[in-house]
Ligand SMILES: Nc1ncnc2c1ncn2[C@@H]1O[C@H](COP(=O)(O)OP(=O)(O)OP(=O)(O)O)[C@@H](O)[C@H]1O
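Below, in structure tokens: the form predicted on its own, a single chain.
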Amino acid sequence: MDTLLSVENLSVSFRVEETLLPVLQNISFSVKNAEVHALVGESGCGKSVTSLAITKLLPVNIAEYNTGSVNYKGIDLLNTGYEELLKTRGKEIAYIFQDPFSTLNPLQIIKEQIIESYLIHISENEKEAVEKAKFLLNKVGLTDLDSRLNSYPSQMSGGMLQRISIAMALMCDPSLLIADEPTSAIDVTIQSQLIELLLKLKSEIKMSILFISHDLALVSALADRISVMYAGRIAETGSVDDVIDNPKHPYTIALIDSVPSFGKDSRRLKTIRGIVPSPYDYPSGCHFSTRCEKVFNRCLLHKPLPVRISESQYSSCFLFEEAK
């Protein structure tokens, strides 16, 4: 499959008073046409920051793009003009954010919000935009559409609002949908329905999805490829089968060991000691060194580079490098 989005050596710092905090360090991954690529890791690893950095949605007064590129259909979004970025956001690349209650404006009815991107990017014909909105709202399983369109967000449940958020993101038929933990604010039954819906829509309109989650069990059933992120860096990336069945990085292994299983293995679940370090306290060596059970001296002094394990799998770990 051809590559739709390629993030190469992306480093971003946040300005906090007189300090530059290295929030992202040399992030590299790609999303191919019509695939689901999952970005996983614990809270605080930089997944959401990465997603916002792709189209330069980070606050301009604090974010500094230090190195790297974000190539989308051959255009580096980090070095393109503001007008070109506006044409890309919402039309070519659309977002579904984590909390539908904060995504939607509580002071506007749903109709005004859902048709906005269509009127900006596609056509100024409001009737046409409303028809497209109704079509998509029906696709995501909502009924009584006239009533929904003229309601305020506070008049609907979280599940309904997340479905509306999905429909809103699809109004301009984007090539890439960035879904930032879209199921975290809703119950398990609705989660399952929304995942099935995203996969169906992805197949129907040949859309790529960058799916951000901390749930390995979920993404193992959803994604084609996975990138595991830890403390502002990519620890491991590869196909779902590679990463889930044959993980190499100690962090990936620890994440998988901490997932409950209904199989015959009744061993006690493992936990990862400590917490994800703040950008204030990133270790000078491997970022996982403070929590890793297999750490040795080199890990404390140097940052590991990605090591190729197979055609599609890379792991940033000195252990595998030493084994090679």
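Nothing here was measured: the structure is a model prediction, and the numbers come from that model. Residue numbers run from 1 along the displayed sequence.
Only in words, not in the display: the form predicted together with the ligand, which the text now covers.
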item: Close approach of Leu57 to the ligand in the model of the complex, 4.5 Å, heavy atom; value: no
item: Residue contact check: Cys45 to the ligand in the model of the complex, 4.5 Å heavy atom; value: yes
item: 4.5 angstroms heavy atom contact with the ligand in the model of the complex for Glu181; value: yes
item: Distance check, Ile62 to the ligand in the model of the complex, heavy atom within 4.5 Å; value: yes
item: Heavy atom within 4.5 Å of the ligand in the model of the complex - residue from Ser175, Gln113, Asn71, Gln98; value: Gln98
item: Option touching the ligand, based on a heavy atom within 4.5 Å in the model of the complex, out of Val295, Ile256, Val49, Ile272; value: Val49
item: Residues within stretch 3-21 having a non-hydrogen atom within 4.5 Å of the ligand in the model of the complex; value: Phe14, Val16
